[in-house]
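Take a look at this one chain, the form predicted on its own, written out in structure tokens.
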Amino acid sequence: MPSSRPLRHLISLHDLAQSEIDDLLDLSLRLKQRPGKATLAGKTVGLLFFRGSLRTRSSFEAAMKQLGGNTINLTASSDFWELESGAGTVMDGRAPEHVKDAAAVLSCYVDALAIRTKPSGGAWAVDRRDADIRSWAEHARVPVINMESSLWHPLQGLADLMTMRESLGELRGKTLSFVWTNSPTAASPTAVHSLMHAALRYGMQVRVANPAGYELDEDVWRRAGALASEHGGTATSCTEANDAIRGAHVVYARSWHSLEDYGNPTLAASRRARAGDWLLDERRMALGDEAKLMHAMPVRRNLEVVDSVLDGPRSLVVRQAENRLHSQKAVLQWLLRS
């Protein structure tokens, strides 16, 4: 059921012009106030999950239902099999089907494909290429929406921008601090990558605090510097949480894995044990400029952030999660509405 419109994909927020992000944020806020009509009646989105999801899955299904459309929900571990994505591969391994064929067939059934890929976890130099999601975009004949890959999480980034705009108003000149948190199940840095670059496009002052060995991807950081120069913001890093939080308007707590130990769980656990105290509590949050707390969730209470901050007036975490619904409705309308 491909559309006659030019084919657009959303792999990262860099696929959108600044004016398109502005329009999506405006639409997201309008849809939150006035849910609107069944603008996507008769449309179907295929949801493909190669790893687990709570907020993304439920918010996507709710968004399509509220817009009058439908979803087909497929989970790789239970509903289908491994897929090969390499070009020219002799398929004598575990995967019985190539993404090229799966994408062509599913494009006959749905109006868009939303996909959460699973990194191999072996080598960051390989996983950071996002070959799987880009293979789907190459072969699909309908729009492909990235529900989180190894490098990017554009849907979380858009919801986070919406949340900051609701809370802060004008973003230019405001300070957003990303603070690493200690978790035995470290998350991907995708939410940090996506929001950091988006915030810099709005002229924000961005800080990133993490222990030594947890530095972000070099190319992502290099691009952050270029965006800061282009749009009048700043991008700075430090190794002390308090330095990043002092004077900040938003503190974004997030665990992420060490790229130095990527693919080696033994070394990763050893490094995490030596990381020290990175818990966000009332004392640390008070260093900010009436700082708000953000976290993409799931969050480990009293290990990453204490209960009193998570449940207190500073916390925007539930609003962030709610805004996934409204911002994804905006994305779906933008991609699918005739």
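The numbering used is simple: start at 1 and walk along the sequence shown. Remember, predicted model here, so these are calculated numbers, not experimental data.
Same protein, other form: the form predicted in complex with another copy of the chain, not shown, and the subject of what follows.
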- Task: Sort through 235-243, 107-115, 198-206, 161-169 and report the only stretch with a non-hydrogen atom within 4.5 Å of another copy of the chain in the model of the complex.
- Result: 107-115
- Item | Residue (of A131, L74, V220, L227) lying close to another copy of the chain in the model of the complex, criterion heavy atoms within 4.5 Å | L74
- Item | Triple contact flag N302, E322 and L325 to another copy of the chain in the model of the complex, non-hydrogen atom at 4.5 angstroms | yes
- Message: Within 4.5 Å, heavy atoms only: does N264 come near another copy of the chain in the model of the complex?
- Response: no
- Any chance S270 has a heavy atom within 4.5 Å of another copy of the chain in the model of the complex? no
- Item | 4.5 Å heavy atom contact, A187 to another copy of the chain in the model of the complex | no
- Task: Spell out, yes or no, whether the shortest heavy atom distance between G276 and another copy of the chain in the model of the complex is within 4.5 Å.
- Result: no
- Message: Within 4.5 Å of another copy of the chain in the model of the complex, counting any non-hydrogen atom, which residues from 91-110 show up?
- Response: M91, D92, G93, R94, A95, P96, E97, H98, K100, D101, A104, V105, L106, C108, Y109
